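Only one chain is given next, in structure tokens, and it is the form predicted alone.
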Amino acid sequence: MSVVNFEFRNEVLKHNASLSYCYQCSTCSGGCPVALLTDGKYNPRKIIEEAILGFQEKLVDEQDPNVWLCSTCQTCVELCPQNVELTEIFSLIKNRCFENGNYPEGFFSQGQAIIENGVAIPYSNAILNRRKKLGLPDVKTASVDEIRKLLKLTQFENNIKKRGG
């Protein structure tokens, strides 16, 4: 049985006032492409329900359902008859997971790549050469130093170190 964390519940409700209008109609889950692909294992309605109830342990520690499966396509937001900003709540939960060092390995790897290269998936020399032969413009990326400053401000590197990076 899940324990209600009132601090988490209040943070979620305070973060997005539209959440109090959710009446659990399941329109979000019915239109969610990830829910459809996972046969309902990923369930936006369930995440919202558990957030409203303050079940931080289930959402953050157990990740049941796993909020990281959200592709942020915004379909749930577009379909919601009550205009609940679901993806904002999902981002809040992901941030809480991250703060606890509880995030997918792929996220960890991409974070390390961004710190080292300035992009999550660096272009190979073969792709860069092909782009040049095709007359495509050079791929522009942000300064690695600027990215590192931003990541430092968000304490990203500290959380990466917590995880063992």
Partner chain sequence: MGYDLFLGCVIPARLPFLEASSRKVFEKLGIELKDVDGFSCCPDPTGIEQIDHKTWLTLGARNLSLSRNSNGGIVSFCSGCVETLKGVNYFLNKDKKTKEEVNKDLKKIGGSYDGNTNVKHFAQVLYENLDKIRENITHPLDGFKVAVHYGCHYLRPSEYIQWDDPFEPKTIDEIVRVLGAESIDYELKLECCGNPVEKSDKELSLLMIKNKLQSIQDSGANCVALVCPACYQQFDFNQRELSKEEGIDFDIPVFYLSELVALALGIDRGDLGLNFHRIKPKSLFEIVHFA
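Positions refer to the first chain, counted from 1. C-alpha atoms forming the largest set that superposes within 1.5 Å between two forms make up the rigid core. On a predicted model such as this, the values are computed, not experimentally measured, just so you know.
Missing here is the form predicted together with its partner chain; even so, the following discussion is about that form.
Is there a heavy atom of Thr27 no more than 4.5 Å from a heavy atom of its partner chain in the predicted bound form? No.
Whether Asn95 contacts its partner chain in the predicted bound form should be assessed with a 4.5 Å heavy atom distance threshold; does it? Although its partner chain is absent here, Asn95 would touch it in the predicted bound form, with heavy atoms inside 4.5 Å.
- Is there a non-hydrogen atom of Tyr103 within 4.5 angstroms of a non-hydrogen atom of its partner chain in the predicted bound form? Output for Tyr103 is yes: heavy atoms within 4.5 Å of its partner chain.
Using heavy atoms and a 4.5 Å limit, would one call Leu13 a contact residue for its partner chain in the predicted bound form? Leu13: no, not in contact with its partner chain in the predicted bound form.
Worksheet item: in the predicted bound form, do Ser2, Leu19 and Pro65 all put a heavy atom within 4.5 Å of its partner chain?
Response: No, none of the three is in contact.
What are the residues of 102-124, in order along the chain, with a heavy atom within 4.5 Å of its partner chain in the predicted bound form?
Result: Tyr103, Pro104, Gly106, Phe107, Gln110, Gly111, Ile114, Gly118, Val119, Ala120, Ile121, Pro122, Tyr123.
| Quick one: once the rigid core is lined up, does Ser143 have its C-alpha move by 2 Å or more between the shown form and the other one? | The answer is yes, as the C-alpha of Ser143 shifts between the shown form and the other one by 2 Å or more after core alignment.
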